[in-house]
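One chain follows as structure tokens, the form predicted on its own.
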């Protein structure tokens, strides 16, 4: 990797996120392991609001995977488990993976409380093949998670690992925020689809072409931040194509026909070349 930072150990007892005073010096991929501290992860479900999110996206992913006749799914950004659980309940064979052990533990408990036992696997996307040895019909990478990769080589490596983990006719479903609008026109959100918790605010406190630092404010005043790389849509699609994927279909806020600047999120459905 091009940065010199060592991988940070995950520490469940850590109660404060560690940043330097200069946001631009915190642009490195491995920082995410220190961002998802236990205190933040405990509040993550209030940010997502499972019920509101389920209403917002409906059966979009279930319908999409059924339409493509995919059954064996790898969720590489499980987080606290929303999509893994909804896909299991939709009848899919799901393996749940995340780089954060704290997130995976929370996902496991969330699934258990709903009567499911997750098949979990802690894995860094850049080295996915070291811990995920099967091949899948589909990979889902949701929740704007790919933005955690700050280095282009990290992004290319992760996409290559996704490609390798898919069966020959497999598909990758990957999403992103509408960073183009954010960078060109300023931040706005419908607050309807992804971060649905109505008592939580999520807004950028630093935004430039290399860094979007989002601050999440919870009831009671607790604040946490995440550093993300603002992926422009055309750049991201180019990276995906250069990783060997053939076709890309993009949805705006779950709609096939959409006005680009009106969309909070883009969802890309990407096919692997048939070998």
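Numbering follows the first chain given and starts at 1. The model shown is predicted, which means the values in this text are computed figures rather than measured ones.
Form predicted in complex with a small molecule: not shown, discussed below.
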- Query: Of these, 180, 137, 151, 124, which has a heavy atom no more than 4.5 Å from the small molecule in the predicted bound form?
  - Reply: 124
- Note on the structure: Exactly one of 103, 173, 165, 85 comes within 4.5 Å of the small molecule in the predicted bound form through a heavy atom, and that residue is 103
- Item | Contact label in the predicted bound form: residue 212 to the small molecule, heavy atom within 4.5 Å | no
- Within a 4.5 Å heavy atom cut-off, is residue 107 in contact with the small molecule in the predicted bound form? no
- Query: Wondering, does residue 74 line up within 4.5 Å of the small molecule in the predicted bound form on heavy atoms?
  - Reply: no
- Within a 4.5 Å heavy atom cut-off, is residue 118 in contact with the small molecule in the predicted bound form? no
- Message: So if I measure heavy atom distances to the small molecule in the predicted bound form, which of the stretches 129 to 137, 110 to 118, 165 to 173, 95 to 103 falls within 4.5 Å?
- Response: 95 to 103
